[in-house]
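Below: one protein chain in two forms, given as structure tokens, structure 1 then structure 2.
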Structure 1
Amino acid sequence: MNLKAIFNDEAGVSPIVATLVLVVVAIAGAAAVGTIMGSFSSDVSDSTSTADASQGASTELLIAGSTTVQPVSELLAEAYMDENPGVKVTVQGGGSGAGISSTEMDIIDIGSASKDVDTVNEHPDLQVHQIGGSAVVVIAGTDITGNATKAEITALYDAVYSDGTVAQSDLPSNIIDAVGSGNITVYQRSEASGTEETFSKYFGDGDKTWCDGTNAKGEKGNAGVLAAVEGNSQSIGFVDFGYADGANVNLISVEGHSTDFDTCEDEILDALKGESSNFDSGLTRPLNYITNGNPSTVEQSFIDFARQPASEEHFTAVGYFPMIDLM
């Protein structure tokens, strides 16, 4: 056994030293890259606007929660940081439950939830701030048109077979399938979500998880359901109105609201404002930010920013109604 060769070769370095060197090099490399990037990025943002540099330089704002609100928050955060370069707003997802828990535990500053927050019994410390609204509409593939009552839609979802479809005979009497034969696929959300909770509560007579118990096929997110219905002319599903608007799908009228997108939008706005409307307010829901106790100055400033008229574009870009339309 050639002992000497072993020590002369790579093992000439002790393993501990070798590991340490590896670790140090790795950290140094990562840190160097990070710092270069960091200084570069702060250069950019500094040069874009130096007008408002008086604000606290190291103020941070963490926003997390509902994946439905996440894109809006991120767009709002970008715009807010352009105006207030001293504040760093970080946005992440996690889900509504995570948003509520994280806010309560002070892990984050502002939580977002697309579900009801019980501030009376369960979470007495939390404060809810509405920043916008949205409404759930029933949509259908291009071959299917018509209207239905609340009870008919409930019956339709309850009738879904284990393969995620219903037969022609299961369709409500006023819903017409232009093809006239074959089964119709019915979609719901695959993950727990505020949109589905609103839909379930309305059609399931207060049961927030009714829809989850049907056999309808699950798709991820509003965008997933919309894509599925768009891609299948014989299908029915539900999404937030902002997603359906402009897409290649038909609106199904529920309890007499309009099937025209523009008219329907006005009806939804009326419903959100609490005025009388053909659109049943049971299918509308608020988009909420939540804070633990009274919001701090920065938190309040961000919430105000989200509610101001100029922020409208960030909501419409993602498909929701901004606060300005609701006041």
Structure 2
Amino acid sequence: MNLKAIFNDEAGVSPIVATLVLVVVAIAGAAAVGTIMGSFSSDVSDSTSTADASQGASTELLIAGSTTVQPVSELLAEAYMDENPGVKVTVQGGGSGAGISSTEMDIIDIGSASKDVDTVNEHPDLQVHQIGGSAVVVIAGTDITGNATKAEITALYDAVYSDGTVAQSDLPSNIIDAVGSGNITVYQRSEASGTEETFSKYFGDGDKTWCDGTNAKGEKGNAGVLAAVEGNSQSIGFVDFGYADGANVNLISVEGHSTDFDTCEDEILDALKGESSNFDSGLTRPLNYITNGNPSTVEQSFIDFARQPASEEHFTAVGYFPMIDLM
């Protein structure tokens, strides 16, 4: 049974995929695959909007995983299909954990992960292909501004009550609540993700799952956390910088980086390049594509397309940094 072919057959998704998910999960116990499948029907309509000209495509690529990488993957897919009408590219989210698991199970062609992937000890069959870079930032609702140290943000997440909130007295002294009433809601990710792992490793002193031990409210994907913070003026969370840039949220400065989006973007790029910066490099991370072993010819073609200088515009459009900027 060709799983990837079934995933790309929108017309036959409902009954076949429902059975397929039960079989895959029962055999492999891969909860991450369920995450991808749960979002398939909604993701596919958005990500294949340019596929009308490719209905007769002889080659198909399924890319899934990191919700950070997803926006640039969608732009790359559209541009690639315009140049290669014989190829149909479908893009889905699901989180970095789902992207890694699904690639290892050979359910998808190219996985995506917004974090480092250990191909020595944890995932020896995978190959990692970096396509760009980005960073995680702490964001707040419009009533909250200010700055904090690394230790203060760690203490804040440790202080979250069982209802997902903290008292204003638990806020770092330099974070200002302009309204001055009620508790502050604190958000995190609800699924395995490169964004959460980067945040956890930095604020949890290297523990990749530190944030799992807090009571912060879980939201699905960068988009879910961003929407929650945008919708709650007295809230704090963390997302990829590319999601925060241009959104109706405030940046909370961590260890002295700028709260101005344009300046912070410059600081992130300096940190990614290993140059002196007010932005701590511990909150930066790579944007990766992943293949199960050596990429096929069409997989390599798409990866090369993503890495080429001409694709820079697709990264900058969503607030990320292409490989050409990192060299």
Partner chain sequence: MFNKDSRLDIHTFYKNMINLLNKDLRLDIHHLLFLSCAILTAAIAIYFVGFIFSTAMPVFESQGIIGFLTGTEWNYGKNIYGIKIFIFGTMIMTLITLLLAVPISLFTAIFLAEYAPSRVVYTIRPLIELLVGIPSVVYGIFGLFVLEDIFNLHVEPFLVSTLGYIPLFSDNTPNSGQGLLLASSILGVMILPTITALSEDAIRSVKHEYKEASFSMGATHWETIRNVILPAASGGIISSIVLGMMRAMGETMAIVMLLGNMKTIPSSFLSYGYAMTSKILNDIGFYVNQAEPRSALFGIAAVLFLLEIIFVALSRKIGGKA
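Heads up, when I say rigid core I mean the largest set of C-alphas that superpose within 1.5 Å between the two forms. Numbering runs along the sequence of structure 1, starting at 1. What you see is a predicted model, and the numbers here were worked out from it, not measured in a lab.
**Q** Could you point me to the form predicted alone, 1 or 2?
**A** Pick structure 2 here.
**Q** Cα of I110 displaced 2 Å or more between structure 1 and structure 2, core superposed?
**A** Superposed on the core, I110 moves its C-alpha 2 Å or more between structure 1 and structure 2.
**Q** Please determine whether the C-alpha atom of F279 is displaced by 2 Å or more between structure 1 and structure 2 following superposition on the rigid core.
**A** Stays below the 2 Å threshold, so no.
**Q** Spell out whether the Cα of T119 moves at least 2 Å between structure 1 and structure 2 when the two forms are superposed on their rigid core.
**A** Passes the 2 Å threshold, so yes.
**Q** Rigid core superposed, I'd like the Cα shift of G293 between structure 1 and structure 2 in Å.
**A** C-alpha displacement of G293 between structure 1 and structure 2: 5.3 Å.
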